[in-house]
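So this first bit is one chain, no partners, the form predicted alone, shown in structure tokens.
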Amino acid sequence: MESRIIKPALGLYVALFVLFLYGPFVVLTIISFQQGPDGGPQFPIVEWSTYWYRQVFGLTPPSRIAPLPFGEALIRSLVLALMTMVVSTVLGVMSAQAFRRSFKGSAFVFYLIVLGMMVPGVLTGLGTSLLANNIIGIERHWYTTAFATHVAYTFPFAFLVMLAILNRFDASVEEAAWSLGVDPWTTFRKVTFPLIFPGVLSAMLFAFTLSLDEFPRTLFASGRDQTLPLAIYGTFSVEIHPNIFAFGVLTTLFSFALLSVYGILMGLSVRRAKKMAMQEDIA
């Protein structure tokens, strides 16, 4: 009797959660197929068309609706996210490695690291802006001050992911390599890193997606050059057309493609780890 009530209730809860999560994206996708150039962001659709997708790629005749000025902003965001991903992941791996052994002041250093993800982004961005302008005396750019705020924000996520991975790591495999005379760097490169590679991939994905979507810190710290979230916000503040929804659908598909690559690499890494474990068992 109890399972006949609980299971449907849980099923309904999951269905409502999925609807809440993906409902807005489904609506935006439908509106992105509105007719153009006269069709607006109204629902239901007046006439189905791929006009706004062709307009995003500059394949439509000139009209009163100007193309989205997202080209340079998109490149800046991708480069910034890649830079942040590399630096945050390296810092995360190194700092998590350091926390495998207890040291004096480790609790203070831990909370100092995770502080970057807890401080409100507006305060971090505003503080960075004031520091750059009034104290250091440097000009704000997306590749300097904004990059520093992105690293400060994403580094704690990479650190926590790697800390969870290394806490479950079997140190006996490293000790076996050291007992055979292998130096620490070679042991890390040949033994440790392949085993923690799935965690490194997760840290990279966290850092890249968080940086690509970051808004409040970038708003104050990027200077006059806009990244993609700032450019989208600027477009919304003037006038809304379905081309922004078409662009949103394309960027979401890019994110899904990124997740697919992540899944493939993760699967290959897990398969390689199982193969290594089987070879060790045979030996």
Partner chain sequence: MTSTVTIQERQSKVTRWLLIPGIVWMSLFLVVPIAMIVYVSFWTQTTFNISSDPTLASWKQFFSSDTYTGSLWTTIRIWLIVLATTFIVGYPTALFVGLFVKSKTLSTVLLVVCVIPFWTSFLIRVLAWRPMLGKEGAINIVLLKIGIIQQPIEVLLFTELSVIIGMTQIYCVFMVGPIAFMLSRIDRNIIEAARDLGAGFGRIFWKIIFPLSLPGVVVGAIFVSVMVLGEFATSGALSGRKVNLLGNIIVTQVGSLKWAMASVVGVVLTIVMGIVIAGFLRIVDLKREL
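Note that the structure is predicted; figures quoted are calculated from it, not measured. Numbering follows the first chain given and starts at 1.
Below, we refer to the form predicted in complex with the partner chain, which is not included among the displayed structures.
- Under a 4.5 angstroms non-hydrogen atom cutoff, the partner chain in the predicted bound form has F99 among its neighbouring residues.
- A171 falls outside the set of residues with a heavy atom inside 4.5 Å of the partner chain in the predicted bound form.
- At the 4.5 Å threshold, heavy atoms of V56 stay clear of the partner chain in the predicted bound form, well away from it.
- Remark: I240 counts among the residues lining the partner chain in the predicted bound form, judged by a heavy atom distance of 4.5 Å or less.
- Heavy atoms within 4.5 Å of the partner chain in the predicted bound form are found in exactly one of 163-171, 195-203, 74-82, 150-158, that being 150-158.
- Of the residues in 90-123, those that come within 4.5 Å of the partner chain in the predicted bound form through at least one heavy atom are, in sequence order, L91, M94, S95, Q97, A98, F99, R101, F103, V109, Y111, L112, I113, L115, G116, M117, M118, V119, P120, V122, L123.
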